[in-house]
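A single chain comes next, written as structure tokens; it is the form predicted alone.
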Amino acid sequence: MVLGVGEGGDRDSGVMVDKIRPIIRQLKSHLFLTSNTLTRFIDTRWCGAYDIRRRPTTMPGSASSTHRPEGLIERLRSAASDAGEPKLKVLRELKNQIIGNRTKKLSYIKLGAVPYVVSILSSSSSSDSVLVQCAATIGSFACGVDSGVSAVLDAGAFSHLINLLSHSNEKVVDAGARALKMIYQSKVAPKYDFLQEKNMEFLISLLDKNNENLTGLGASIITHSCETSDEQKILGDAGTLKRLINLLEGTTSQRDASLESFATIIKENPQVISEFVGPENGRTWGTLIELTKDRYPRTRLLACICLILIKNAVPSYLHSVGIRAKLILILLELVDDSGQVGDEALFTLSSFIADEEGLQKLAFEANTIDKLCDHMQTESLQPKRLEGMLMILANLCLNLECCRSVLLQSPKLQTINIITDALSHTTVDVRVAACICLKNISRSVKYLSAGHFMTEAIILPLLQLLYDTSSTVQVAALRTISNLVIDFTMHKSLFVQNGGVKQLVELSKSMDSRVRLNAVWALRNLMFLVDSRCKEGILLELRAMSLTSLVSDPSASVQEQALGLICNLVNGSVESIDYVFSDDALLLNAVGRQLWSASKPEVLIQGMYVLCNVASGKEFQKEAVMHQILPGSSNDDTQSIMVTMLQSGVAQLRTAAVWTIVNLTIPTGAGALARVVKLRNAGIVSQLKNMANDPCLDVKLRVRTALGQSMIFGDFST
């Protein structure tokens, strides 16, 4: 949102924010008022929201019907039809009713007030003062309420507001520009077509004006409508970036609006950045660095955002550790702001450190965890603020064990309780953030193995989230559960005893592929290193037929996890291999079919490891694997899938294939010789010889083992 004066638009509404703020500071030093009360007082006084002259009071019981919403609407209708009702008075009264009051805005919208206001705006008989009030009222309807913007647009106000920009009276121009800015701050505002030459000419003319409301409008249009790299290039080529850079030296309102638009144009666009922004463009770079020291918090925040966008697109432009550390410190300082700036600073810092361990270390060294824990333990946090803090903690704990350890040590355990409480928060985004945070903290093998996370305080809320109405929450909870159940057998019983397996199986049937994938993934991890009793319990819920369907799921990612689940099922004791032979080898045949039909390396790797595990079993089980990897007797000319796997460019797949051959050719088996002969006839032994110098060391070592075992039965070279 572009920072500027608030809603409304009376004769004082052009006062700039940097002139208002000193008055706020003076009032704070003399009055016992909260920040919100002060802001409300100043906004309404300077923006003409209320007439502060003393007015006669009326007892509630004797209120005239004209003061009720229906009465005001009737007067507005009369004014719109030129029936003698004073337009200026009724417009000002309507504006004063709705400004800053969402409930009243919605009420008057429902009563049909907006079309009457637009009718007055479009009237050729309306005076300049009336036009100003019309524009201010329309801007108030549009401010912060999407349904208000829709009502304004549906009533045809947009074209009339555009016409006001060419009016001879500067106050009318200002009022029109402010109303249009309000509209363009909404997601439902019309998208501006930058491809039309006349539109670009109009936009450039706005940015060239010596009027902060018009330049702010131009900047708002860019921020709202520029979405593609092509549009970024068009705007850059048209000279908008140069104009925005010039506006960085203007008023606070112009600087902030320009920084927002600037960020929109350079986002994820290295070409535009290198042309207009890089360190070689000393003026721009220096200005951005200086603005991070600006006296106004929002300006500092926006300057940081621009520098971070530059770093994300062209990392070499922001390689200085000093500048990176300084940005983190500035953002941490801005977190102390209790308003929108503080909330945005949290998410900006979170995204800044998300993908780079070096930045996570710098944030840790800046005592970010201590600062956030203090806020979380001492403040009653709004949902957005809590979400932002959780996401920063999540990103800090993604790679750094030191961060996880700090949170899990006794002085910070209260924060862990806050995180687990957030799992049951009423806001979807907070529940998701809490899941992500807990997932990353649980990446600590030390604390996971000690059972720190398998407690009722954590497991029960997570299980409850599996029933959440939001699929996004379900996915986040499933990913956290996948971490918690991956290892350490003794700690899985709590999850199983509370119905976790049953719900995972239910979600594995979801129509949402994301939910289905993560449910199967969690089942796979739950199956890892468990005893036969637990395996049987999982299979009893899942059923072999359902697992077979998952192996051939439309999603390759689900196929991969389903095959990984079967791999964990047959891993361990020899008796575990028997599970894939039940129901006439239903599961084993499903794996074999998938190996012959799949093309994704990830799927083939998991399938091959299933056969590798089965090939380590009894003689009849080894023969069953041979049946799966060799073509049937009616397809003698068909190349074995093993040759295809051994020739793969993916080292992991080659490794899995060679391991399978090693298990099949162990010479102590009664059928080993016969299997070696079949492998030779299928061209597999010959392919192994070609791999004696494989670039992957693991493959190379296994090939030597496989060839050595084969040579025991004689040299098959031709």
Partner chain sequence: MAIFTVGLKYKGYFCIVFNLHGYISFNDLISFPISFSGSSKFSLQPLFHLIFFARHSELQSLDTAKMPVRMVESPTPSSSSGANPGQTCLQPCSLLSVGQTFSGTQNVSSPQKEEAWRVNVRIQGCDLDHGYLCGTMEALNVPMADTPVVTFWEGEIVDTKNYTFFTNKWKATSEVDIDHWTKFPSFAPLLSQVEVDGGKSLDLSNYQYIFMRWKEQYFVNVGSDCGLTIAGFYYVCFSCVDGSINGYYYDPNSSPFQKLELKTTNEGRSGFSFSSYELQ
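Positions refer to the first chain, counted from 1. What you are looking at is a predicted structure, and each value in this text was computed from that prediction instead of being measured.
Missing here is the form predicted in complex with the partner chain; even so, the following discussion is about that form.
A.B. asks: Counting only heavy atoms and a 4.5 Å cutoff, which of 605-613, 248-256, 153-161, 69-77 contacts the partner chain in the predicted bound form?
C.D. replies: Flagged stretch: 605-613.
A.B. asks: Is Leu529 part of the interface with the partner chain in the predicted bound form - any heavy atom within 4.5 Å?
C.D. replies: Leu529: yes, in contact with the partner chain in the predicted bound form.
A.B. asks: Does any part of Gln561 reach within 4.5 Å of the partner chain in the predicted bound form? Heavy atoms only, please.
C.D. replies: Yes, Gln561 lies within 4.5 Å of the partner chain in the predicted bound form.
A.B. asks: Does the partner chain come within 4.5 Å of any heavy atom of Val570 in the predicted bound form?
C.D. replies: Yes, Val570 lies within 4.5 Å of the partner chain in the predicted bound form.
A.B. asks: Can any non-hydrogen atom of Lys446 be found within 4.5 angstroms of the partner chain in the predicted bound form?
C.D. replies: Taking the distances in the predicted bound form, the answer for Lys446 is yes, it comes within 4.5 Å of the partner chain.
A.B. asks: Counting non-hydrogen atoms within 4.5 angstroms of the partner chain in the predicted bound form, say which of Thr264, Thr420, Asn211, Asn525 makes the cut.
C.D. replies: Partner contact (heavy atom, 4.5 Å) among the options: Asn525.
A.B. asks: Pick from Arg300, Arg479, Arg385, Arg324: which residue has any heavy atom within 4.5 angstroms of the partner chain in the predicted bound form?
C.D. replies: So the residue touching the partner chain in the predicted bound form, by this definition, is Arg479.
A.B. asks: Can all three of Ala450, Trp521 and Ala692 be found with a heavy atom no more than 4.5 Å from the partner chain in the predicted bound form?
C.D. replies: Every residue of the candidate spot has a heavy atom within 4.5 Å of the partner chain in the predicted bound form.
A.B. asks: Would you mind checking 681-711 for residues with a heavy atom within 4.5 Å of the partner chain in the predicted bound form?
C.D. replies: Sequence-ordered list: Lys689, Ala692, Asn693, Pro695, Cys696, Leu697, Asp698, Lys700, Leu701, Arg702, Arg704, Thr705, Leu707, Gly708, Met711.
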